[in-house]
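Both blocks below hold the same protein chain, though in two forms, and each is given as structure tokens: structure 1 and structure 2.
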Structure 1
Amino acid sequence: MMDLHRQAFKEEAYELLAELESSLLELEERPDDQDLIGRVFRAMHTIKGSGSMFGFDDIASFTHEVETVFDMVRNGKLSVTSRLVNLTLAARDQIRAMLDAADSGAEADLQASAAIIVGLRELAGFGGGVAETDERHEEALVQQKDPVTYRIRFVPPRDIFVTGTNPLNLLAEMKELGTCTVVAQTDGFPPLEEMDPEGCYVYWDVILTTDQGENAVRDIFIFVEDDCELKIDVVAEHSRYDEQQDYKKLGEILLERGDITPQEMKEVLSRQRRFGELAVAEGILPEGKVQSALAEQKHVKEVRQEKQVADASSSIRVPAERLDLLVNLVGEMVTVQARLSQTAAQRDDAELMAIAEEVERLTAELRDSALNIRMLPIGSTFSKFKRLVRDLSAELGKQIEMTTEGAETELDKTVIEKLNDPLVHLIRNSIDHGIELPEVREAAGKPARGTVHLAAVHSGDSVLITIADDGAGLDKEAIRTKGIERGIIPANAELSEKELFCLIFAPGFSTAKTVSSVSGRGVGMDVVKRAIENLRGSIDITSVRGQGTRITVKIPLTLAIIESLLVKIGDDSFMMPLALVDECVELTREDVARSHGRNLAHVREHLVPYIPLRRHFKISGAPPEIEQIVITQVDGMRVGFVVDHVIGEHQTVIKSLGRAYKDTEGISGATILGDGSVALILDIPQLVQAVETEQN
């Protein structure tokens, strides 16, 4: 059971660290933003508290150091500087490393932790080394509990001011513990002429909701407790809200506090006026006491309402593997449902058909729900890139701002994970090759600070992710020269701009003159393209010299299930992703004869090149008299695929091919059809590329 809690803590901590990183990066831009400072502090505080509770003592103790520094920032004792952000980002990385190390049983780099702590302490103005850490760690072992609402009556001694204690500080400390309502009681004030100006006549009723426990409250009064009157009562326990009755009535609160006797309450209640008004009018209670009780009533009501809102919008944390299993099972069910529908149609049994239709409807709903569970906003990935831009621009001496748009766009979790590496590569390229050094930009009349804009937007069943920079743009001549040098294109080749830009996706292609730590080693864009295509996506480049480059990646929303077109060649079945299919036309023997073996079809006055799949896959047997051309869109170009028959649209649950088939060209996966047979899913862009390479 403990392992489960530890695992839950780790998952929460990873999320908090991601949030922490984005908060820190924002804080660097807006160092006075109290909300951001509060977010950083709370993230550290939560990691520290939960970490210590689940046995991650090293993390709790380390995080405590950062929390202490941010507490100073929060209290205005320290300002946010680049150095503080750098150190806190390093601390964030170190906490992550500690979490990772906990998995493998390895030990995190203690020297790195010590260096960060020393840096933070220097910054905060208190020396000392790591030795103090254990002592401080004592504080970290704060027991987190369910929130409890306390009623605290604090009557300070008359001479409290003279002893140098400021009750305002005690009240402020209580506010630090949670949600706090403070009511000053002023009913015992003597006339002004009799008042000792240095005496304390005011006392307080405080309603405090905190998860820190009663001892934390008592600790605040540790130095005055002997001289003051301090009464701490539990008003409400959050864990027991459900079994507790509705909000306490005013009279009940005053009775509990001892401010009124049962007899007095009975007398007042026998009249038909509002209790508070009556009690004051009758002189039984001073106004201040009623005010205080009303404040308690209001406080408990508000805290309870907050909890109810939080409960209503609560979510549960589920390991990704369980969701993967669910999606796999739904996938199996989609397959079985297809089989049921097919069998029902073959038997021509009305009752069976009705059942099959019902199952089909339910399966579709179940599929959509299961897939939706895995949808996540791409925003968390965007935040990671902000850090990348920050670190790389500093390393390369460039000034770069990253802007984002559409962070709320949702994509399947698996897609987001697989998209990470290609996007990192593209952003690195923008920073290294695209954005110029500040002096170069200024000489070109541009602002010294360059921009990398990352945007995501839904487009049908796909998401378009754009990485646009306002850098130097692609050098067409350099690309052409390099292409000729490498023998990718003939010297006299006439290429459109689009075709020219596509050359950068050739393996080993790089126009960089120098190799930097970031890029320029000629490894890259081909790998990026391959990764995008593995996600059944496509990549498109536009660029204007001197103005910048825009790379658009088109990715399907999910990888688990796709809509596809089922086609047949002989006895073999194939699937073509429907998103790429434009239309289907017939191909007769006469059409073939007219094109004199050039594999070109006339479709509404336009020539469309086609690939005869029977020949390409070397499938034996004779084609039918009339074949079908499935015309697809690949990189903005129409390309046909000749098949024997087009069967129709089909929902395809993708099964990956075994390791032995991972390099099979033109096939991206397989699926099981309703009759139990296997259909291969065609990798359209790869097939086109293979044929082009073959022809060249």
Structure 2
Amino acid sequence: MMDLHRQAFKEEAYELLAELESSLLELEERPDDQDLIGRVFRAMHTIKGSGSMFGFDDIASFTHEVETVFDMVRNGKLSVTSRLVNLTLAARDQIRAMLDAADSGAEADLQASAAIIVGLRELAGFGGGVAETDERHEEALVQQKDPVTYRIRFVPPRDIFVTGTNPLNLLAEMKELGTCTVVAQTDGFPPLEEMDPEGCYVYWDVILTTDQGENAVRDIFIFVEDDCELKIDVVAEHSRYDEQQDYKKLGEILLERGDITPQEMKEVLSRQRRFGELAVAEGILPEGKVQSALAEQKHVKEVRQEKQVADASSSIRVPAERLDLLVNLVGEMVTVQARLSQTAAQRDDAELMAIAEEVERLTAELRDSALNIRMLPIGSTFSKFKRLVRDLSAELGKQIEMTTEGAETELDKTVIEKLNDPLVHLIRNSIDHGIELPEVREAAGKPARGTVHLAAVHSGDSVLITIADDGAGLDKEAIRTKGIERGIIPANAELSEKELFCLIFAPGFSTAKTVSSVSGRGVGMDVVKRAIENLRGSIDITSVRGQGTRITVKIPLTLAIIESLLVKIGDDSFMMPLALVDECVELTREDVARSHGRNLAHVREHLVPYIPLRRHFKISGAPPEIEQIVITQVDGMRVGFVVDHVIGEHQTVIKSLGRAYKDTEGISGATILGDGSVALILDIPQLVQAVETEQN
């Protein structure tokens, strides 16, 4: 059981570290933002508290040092500087390393921890003051309490102004402890002729909800408590909200405060008017006391409503493995459902058909629900890249701002994980090759600070992710020259701009004149393309010299189940991803004869090249008199695939091929059909590439 709790802590800690990194990067831009400072402090505080609870003492101890410094920032005793952000980011990385090390059983780098702690202590100005940090630790622990609502009556001494104390400052200090409602009471004012102009005749009722504890409230009045009337009562403990659905009625509050006697309340209640109005009208209570009690009632009600809203939007944490198992089971269910539908159709049984249709409907809903559970916003990945841009900019001496758009766009968790490395590589290339040094940009009439824009948007059953920079753009002539030098293209080749840009995806291709620590060895863009294609996606480049480069990655929403087109060649079945299919047209023997072996079809006055799959896969047997061409879109080009028959759309549960077949060209996986037979899923872009290579 403890292992489960430790694992749950680690998952929570990883999420908190991601949030911490994001908050720190924003804090660097807005160092006075108290909300961000609070978020950083809370993240550290939670990691420390939970870490200590589940046996991660080294992490708790280390995090305590960072938390102590941010407690000073929170209290206005220390400013947010670049050095503080750098040290805290380094601390964040160190905590992550310590969490990773806990998995492998290895020890984290203790020297790195010590160096960060020394830096933070120097920054905070208390060197190795262990006692001082422990004192702050104790203060911080106070905040682990659940929020409590206090009723505070503060009646200052009449001569409080003579002592140089301003009671309004005390009230302002109290507001910093939490949610606060203040009601001034003025029923103590004497007639004007009796009034001392230097006297204080006002007193206050304060309703305060805070997690700081009663001592924190009393500390505010520490210098006046002996001279004033101070009454602090607990009116609600918010950890027990569920037991207290309704707050007290107005009469109960006044009775509890001692502002009214039970007899007076009984007399008032005996009359058919609103209690507050009656109490004031009868002169039992001044208007201010009624208003104060009403304010308390309203305050507690609002705090409870806020908590109920927060509870309603809460979520549960489920290990990713369980979700993967659920999706796999749903995949099996889809396969069985297809078999049931096919069997029902063959038996011509109306009742069985009705059951099959109902199962089909439920399976479709179950499939969508299961896949939606694994959908995550891509924003968390975007946040990681902000750190990448920040660190690389500093390393290369460049000024770069990263902007994002569409962070709420959702993608399958597996796709997001596999997309991380290709995107990191593309962003690194934009920073290293794309964005110029500040002086170069200014000489070109550009602002010294460059921009890398990362955007995501849904497009049908796919997501388009764009990495755009306003840097130097691609040098077409340099790419062409390098392509000829490396023998990738002949010297007299006439390539379109798009084909020219695609050369950078060739293995080992690089136009960089120098090799930096970031890139320049020509290693990576071919790997990026392959990784994107493995996700059944595509990559597209546009660039204008001197203005920048835009790379667009198109990937499917999910990898588990896809909509596809079922086709047949002889007795063999194949699946083609429906997202790539444009249309289907017939191909007659006359059409084949007219193309004179060039594999070109006339489709509405346009020539479309096609690939005869029967010939490509060496499938024996004669094709039918009229074949079908399935026309697809690959890298912006229409390419046809000739098959015997088009069966129709099919919900395809993707099964990976075994190790022996993992390098099979043109096949990305397999699926099981309703009759139990296997259909291969075609890798359309790879097939086109293979045929182009053969022809060249």
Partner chain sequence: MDEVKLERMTDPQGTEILKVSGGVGICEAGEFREALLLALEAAPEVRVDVTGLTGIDLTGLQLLCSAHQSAVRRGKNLHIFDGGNATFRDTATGAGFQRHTGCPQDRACSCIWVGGES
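This is a predicted model, so every value here is computed, not measured. Heads up, when I say rigid core I mean the largest set of C-alphas that superpose within 1.5 Å between the two forms. All residue numbers here refer to structure 1's sequence, counted from 1.
By the stated condition, namely the form predicted alone, the second structure is the one that fits.
Annotation: Cα of Pro156 displaced by at least 2 Å between the two structures, core superposition. Leu87: CA moves less than 2 Å between the two structures after rigid-core fitting. Gly597 shows a C-alpha shift below 2 Å between the two structures [criterion: core-superposed Cα displacement of 2 Å]. The two forms, fitted on their core, place the C-alpha of Val300 5.3 Å apart, compared between the two structures.
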